[in-house]
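Starting off, we have a lone chain in the form predicted on its own, written out as structure tokens.
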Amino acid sequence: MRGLTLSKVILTTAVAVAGMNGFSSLTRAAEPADSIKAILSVNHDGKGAAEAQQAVKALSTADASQIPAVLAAFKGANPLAANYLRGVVETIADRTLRSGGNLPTAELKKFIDDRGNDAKARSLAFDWLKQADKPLAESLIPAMITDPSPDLRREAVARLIKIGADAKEKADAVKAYEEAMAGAVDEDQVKDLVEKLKKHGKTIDLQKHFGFLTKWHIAGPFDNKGLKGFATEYPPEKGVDLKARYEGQLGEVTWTEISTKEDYGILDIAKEVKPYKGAVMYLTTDFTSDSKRLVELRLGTPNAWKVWVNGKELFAREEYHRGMAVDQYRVPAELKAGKNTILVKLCQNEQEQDWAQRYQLQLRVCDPSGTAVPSNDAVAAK
């Protein structure tokens, strides 16, 4: 009887201890979720940063099994929170590999395969998968040629460039380069492929490849003396009417056509307008979309500018002579099905230095990966 009782006591104690351990495990399992929540709560202006930093410190001690959960939290995170999450992943992964541990490679592969996950998080997962299991990581690369993540797509393009360079036959090299070109979105890789294909007698339409808009209507100049024009609402901002006549800086102005054949879609406004110093010009074009969709307007200009789509102002930047580059600015935009009107306001100041004379614009429409989204001009013509 006593033995039975003792057995019961031992069993009860064991169950209790197991229950306590289970409770402790559950508590520890919940802690990463709480830390992630605290990190995601940080504001873009730094509000909540102290709590987030404490959460980062706590979460960074977690084991590698928590990496997928941290990666998943990137989706929808603001840039500051995403930076904190990146630091956590790198700390955990680095510590794990240095100590001879294993990363959850199967889960990382699954995360990378899901293109609905955050692009930067998928790229980060791939970087660590390469360190943990290089053959597995490399097996994923061929399918990345159309990946929404520019970083992952770059891996696939680089692979095809190498295949082309190693090819014994011209036809095999051209095939690899053309496949690479179809997925290339980074300017350096595109330029490299253009040169390689040119050597094989193939030419690339860069305007089409990148999706630059090359045909516009332009109106101006309006007055920007004393930099007053940027904030002034001139008539084109109230509605685009290509038949309208306006009172401009030097007299009556109307809309006229302007286009460019430059490979990267650069419109040289200074060649169209004299004098162009202290001037405001408006440029407009129509873009026809097959459906309602989200895109990015990517533009480059050394001038102050504003941009509207269908009458809605999307972004403005009053800065002069900062330089100019492809995809210098990225502006999210929502297109409606059918015709969409894009309007750009471009302001030139009165500086006379040689380096202050550029009055230019290049603008393209693409998806978030950088792949061109073409205007369906066939539909627009109907």
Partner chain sequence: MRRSMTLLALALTLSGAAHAADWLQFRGNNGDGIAPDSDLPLTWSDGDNIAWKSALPGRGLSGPIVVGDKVYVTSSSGFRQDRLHVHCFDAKSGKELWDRQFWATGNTMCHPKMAVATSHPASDGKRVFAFYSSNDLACLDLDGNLLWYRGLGWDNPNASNSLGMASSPIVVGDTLVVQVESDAEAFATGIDVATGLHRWKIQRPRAANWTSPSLLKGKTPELDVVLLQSSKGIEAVDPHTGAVRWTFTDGASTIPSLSVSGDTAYIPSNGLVAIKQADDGKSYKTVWQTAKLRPATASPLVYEGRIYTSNTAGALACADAATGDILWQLRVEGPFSGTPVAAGGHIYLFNEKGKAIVVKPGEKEGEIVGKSEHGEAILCTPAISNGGLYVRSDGHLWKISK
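As the structure is a prediction and not an experimental result, all values here were calculated from the model. Positions refer to the first chain, counted from 1.
Just so you know, the form predicted in complex with the partner chain exists too; it's not on screen, but the next bit is about it.
- Distance criterion of 4.5 Å from any heavy atom to the partner chain in the model of the complex singles out Asp127 from the list Glu178, Asp192, Glu272, Asp127.
- Between the partner chain and the residues Asp45, Asp34, Glu352, Asp63, the one pair within 4.5 Å by heavy atoms in the model of the complex involves Asp45.
- Remark: Pro79 counts among the residues lining the partner chain in the model of the complex, judged by a heavy atom distance of 4.5 Å or less.
- Using a 4.5 angstroms threshold between heavy atoms, Ala49 counts as touching the partner chain in the model of the complex.
- Contact between Thr254 and the partner chain in the model of the complex is not found at the 4.5 Å heavy atom cutoff.
- Glu247 falls outside the set of residues with a heavy atom inside 4.5 Å of the partner chain in the model of the complex.
- Proximity of Arg115, Tyr264 and Glu334 to the partner chain in the model of the complex is absent: no residue of the three has a non-hydrogen atom within 4.5 angstroms.
- Listed stretches are 256-264, 279-287, 145-153, 213-221; the contact stretch with the partner chain in the model of the complex is 145-153, by a heavy atom cutoff of 4.5 Å.
- Residues from 170-199 that approach the partner chain in the model of the complex with a non-hydrogen atom closer than or equal to 4.5 Å are Asp186, Glu187, Asp188, in the order they occur in the chain.
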